[in-house]
Each structure stands twice: as structure tokens, then as C-alpha cells.
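As a starting point, one isolated chain is supplied in C-alpha cells, in the form predicted on its own.
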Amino acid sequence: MLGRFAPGVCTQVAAVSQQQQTRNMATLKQISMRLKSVKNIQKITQSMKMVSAAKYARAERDLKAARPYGEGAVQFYEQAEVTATEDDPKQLYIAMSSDRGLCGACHTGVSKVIRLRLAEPGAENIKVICVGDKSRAILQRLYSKHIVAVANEIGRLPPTFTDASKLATAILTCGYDFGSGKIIYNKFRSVVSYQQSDMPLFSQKAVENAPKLTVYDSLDSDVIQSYMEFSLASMLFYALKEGACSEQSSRMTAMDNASKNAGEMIEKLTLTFNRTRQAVITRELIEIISGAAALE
């Protein structure tokens, strides 16, 4: 009986052994391909980290020169005690982001501040201008009716005052007359830290009704309008510089973390690959020895 069924049993054992060997070889190939892919990703993240580090050093130098523009414009509103007029409830929020990603939650934080405000009562009087595609992509899904304009091609090159002037002109000519508003941007604190901050926006009527505006001499409507246009461009320029510096530092940190994670994954995959290869070699040696012993 045993001799009768022995050939079939041997055939089944050989088929199972061949199937396991094929399956293990496919696993080795998959691990090898994944290991190669992770190594390529690590090279990319390390290169992006070096590029972001160089751009961050330049952005930090430019930010020091741009701070007087934004701080000076905000000081004017504080010293003149400018407040929003009660008879004009329309508000304008400007989300300062960029078109580029891979920088952590840099753009998400700005959009989250506006999203929380739009979820509160009275949001029907709020309109949003998105500076950069990242903020538009986040806000458009639920609050597309609040978006009046979108500025593209932001973040590819270092921002200049000319870019801020064009952006200010687009905001003033978008057709939305607002009484007050805010510029939401990322304020740079350190290489690994930034926070969402805002700067106030006011209409010309609100500035003219400021209680302490009389301390400034020779102010008429034309002068106030010219200053409002210049102060808007100055604050946007400052917000762009703050956002660019925060974005580069956040991207540098994110790419550093990604490189470390890729290194840990490479170690695990290498260990798994070596163990699987050793198991395949051991099984093949056992099959060879067993076959040689069966022939004797």
C-alpha cells in the first residue's frame, strides 16, 4: 500500500516545495524592489532638505529687512486707534499660503483659522481671498461661495515688493467693498517653530473716523487713500516674507524627518531581506541534501 501511493505523495511534496520556493523568490523580489524604492525616496528627501536649508538661510535674511514694513503699518492702526465701523459688517480674510507642498502643516494651519471663523455665526458677511493654491484647495471644498479671488504662482520664487503691489492692486479691484478684515499668515519664530498670526485690515472710512487721526497733519482723502494702498502692499509683503521663511524651515524639518523615517525603513527591509534570503538558501540546501541522500 505504501509503495503504491509513494509516487503520488512524492509528486505532491515536490509540487508544494516548488510552490513555496517560487513564492519566497517572489517575496525576495518584492522586498528588493521596495528597498530600492525607499532608498531613492531617501535620496530625494535628503536633496530637498539641502535645498530648503539654502533657501531658508536666504529667506531669514530677507525677513529681517521686511519686518519694518509690516510692523510700521500695524503701528499706524494701533496709534490712531482705528476700529471697524459698525454700519459695515462686511469682512475680508486673506489666506497667505503658496503653491508648493511637502512642508508639514504650514498651509493647513492658515486655512484652519479661516475655516473655524467661517463655521461661526455671521459668516455670511465674510469673503476670502486665497494667496496660493494650497489654501484654495483646502477651503474650496466646503466654503467655495466665500472665495472671491485666488492668486497663483506663489512660493516658486522669493517674494518681492512688486509681487505684493500686484496682489494689493488685485485685492482693491476685486469688486468687494469690505469694512474690515484680517491677513492670516504664518509668523516665523524659530527653525522648528511658527505660529498663525494676523494683521488687521480697515476701509478708508474706518481710518478717516479714527479718534486719534488728528495728530497727523495735512491728511485728506487722497493722502489717506494713497497710504492705505501702500500699507496694504507693505503688510502683504511682510506676510509673504514671513510665510516664505516659515515654509522653508517647515519643509527642511519635514524632509529631515522623512529622511530619518526612510533610514529606519531601509534597516527593517534590509533585515527582512537578509532573513528571507537566508531561509531560501537553507531550504534549497536541505532539498539538495535530501535528494542526494535519497539517491544513495
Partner chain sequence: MSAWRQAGLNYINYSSVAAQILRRSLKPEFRADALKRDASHVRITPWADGKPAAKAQQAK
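Numbering follows the first chain given and starts at 1. Everything quoted here is computed from the prediction, not taken from an experiment.
There is another form of the same protein, the form predicted in complex with the partner chain; it is not shown, and what comes next is about it.
May I ask whether Arg136, Thr162 and Leu172 all come within 4.5 angstroms of the partner chain in the predicted bound form, judged by heavy atoms? Yes: Arg136, Thr162 and Leu172 each sit within 4.5 Å of the partner chain in the predicted bound form.
Position in contact with the partner chain when the complex is considered in the predicted bound form, options Ser193, Asn125, Asn152, Thr83, heavy atoms within 4.5 Å: After the contact test, the surviving option is Asn152.
May I ask you to choose, among Ala168, Leu92, Ala210, Val113, the residue with a heavy atom within 4.5 Å of the partner chain in the predicted bound form? Among Ala168, Leu92, Ala210, Val113, a heavy atom within 4.5 Å of the partner chain in the predicted bound form occurs only for Ala168.
Quick check on Gln225: any heavy atom within 4.5 Å of the partner chain in the predicted bound form? Contact with the partner chain, yes.
So, Glu229 and the partner chain: in the predicted bound form, are they within 4.5 Å at any heavy atom pair? Contact with the partner chain, yes.
Taking the shortest heavy atom distance, is Ala119 within 4.5 Å of the partner chain in the predicted bound form? Although the partner chain is absent here, Ala119 would stay clear of it in the predicted bound form, with no heavy atoms inside 4.5 Å.
Would you check, heavy atoms only and a 4.5 Å threshold, whether Leu142 touches the partner chain in the predicted bound form? Leu142: no contact with the partner chain in the predicted bound form.
So which stretch, 153-161, 100-108, 176-184, 195-203, is the one near the partner chain in the predicted bound form (non-hydrogen atoms, 4.5 Å)? It is the stretch 153-161.
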